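This document opens with one chain alone, in structure tokens, the form predicted on its own.
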């Protein structure tokens, strides 16, 4: 496995590589990230991952400061998974002086709803760093986990807006045995928070089973009650949406697709999840 720490080294590592699969990460890797590496390998692509904790997508500076970093462990995991190249840049490599305002895209309604509403500026930062990384790596295919479902839609919109010849592949959320979606934030949960955090998955599963039996408003009210009864978790948002438009859905129709999205706090730790319902 080759490690590139700057643009020049990355160019050398990727010289003559014609079919590249790319997994951009912020480190703190878990099995969800490694499933993306595996999918790239299965497709026979030269597999490239990046590790860069991007400051421009953190609307809360404290969240950025507390983001878990263990580069040595991350590199060991990537090597064991068969990753061939890892791009490990510092901030200056990604944002050279004078380039901080480049690639600030307008993602329209995706920036004002759900994650966009509660994390202002987040998706501009995501779009900015992913655009820069795509320019540097020049992948044929890029892999993202569906746990960050709205982010996945942002990346697809970015590629569409810029007419990039990149296939965006959304891979299923990898979960712990009790249903909790794998996330770097999980390691910050204390024992009690970790125990109750499974409520997010329980709520999504409940919504899926009740989709055709209850009105959507009744489901929303029941979810709010479930969180009111929780000693550790505070609901930030929950909704049933049309995923193609990312707007709240009104009622069930057989010809429509539905998704549930959720965000909640365990103390100061923010958890998100989602599930396709129909």
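These figures come from a predicted structure and were not determined experimentally. Numbering follows the first chain given and starts at 1.
Keep in mind that the form predicted in complex with ligand PAF is not shown, yet the notes after this line are about it.
A.B. asks: Might residue 26 be said to contact ligand PAF in the predicted bound form, defining contact as any heavy atom within 4.5 Å?
C.D. replies: Because a heavy atom of residue 26 falls inside 4.5 Å of ligand PAF in the predicted bound form, the answer is yes.
A.B. asks: Counting only non-hydrogen atoms and a 4.5 angstroms cut-off, does residue 114 reach ligand PAF in the predicted bound form?
C.D. replies: Although ligand PAF is absent here, residue 114 would stay clear of it in the predicted bound form, with no heavy atoms inside 4.5 Å.
A.B. asks: Give a yes or no for residue 46: in the predicted bound form, does one of its heavy atoms lie within 4.5 Å of a heavy atom belonging to ligand PAF?
C.D. replies: Judged by the heavy-atom cut-off of 4.5 Å, residue 46 is well away from ligand PAF in the predicted bound form.
A.B. asks: Going by a heavy atom distance of 4.5 Å, is residue 107 a contact of ligand PAF in the predicted bound form?
C.D. replies: Residue-level check for residue 107: no, no contact with ligand PAF.
A.B. asks: Of 200, 137, 130, 83, which residue is found within 4.5 angstroms of ligand PAF in the predicted bound form when only non-hydrogen atoms are counted?
C.D. replies: Flagged contact: 130.
A.B. asks: Pick from 96-104, 203-211, 121-129, 169-177: which stretch has non-hydrogen atoms within 4.5 Å of ligand PAF in the predicted bound form?
C.D. replies: It is the stretch 121-129.
A.B. asks: Ligand PAF is absent from this chain, but in the predicted bound form, do 57, 148 and 151 each have a non-hydrogen atom within 4.5 Å of it?
C.D. replies: Judged in the predicted bound form, 57, 148 and 151 all sit within 4.5 Å of ligand PAF.
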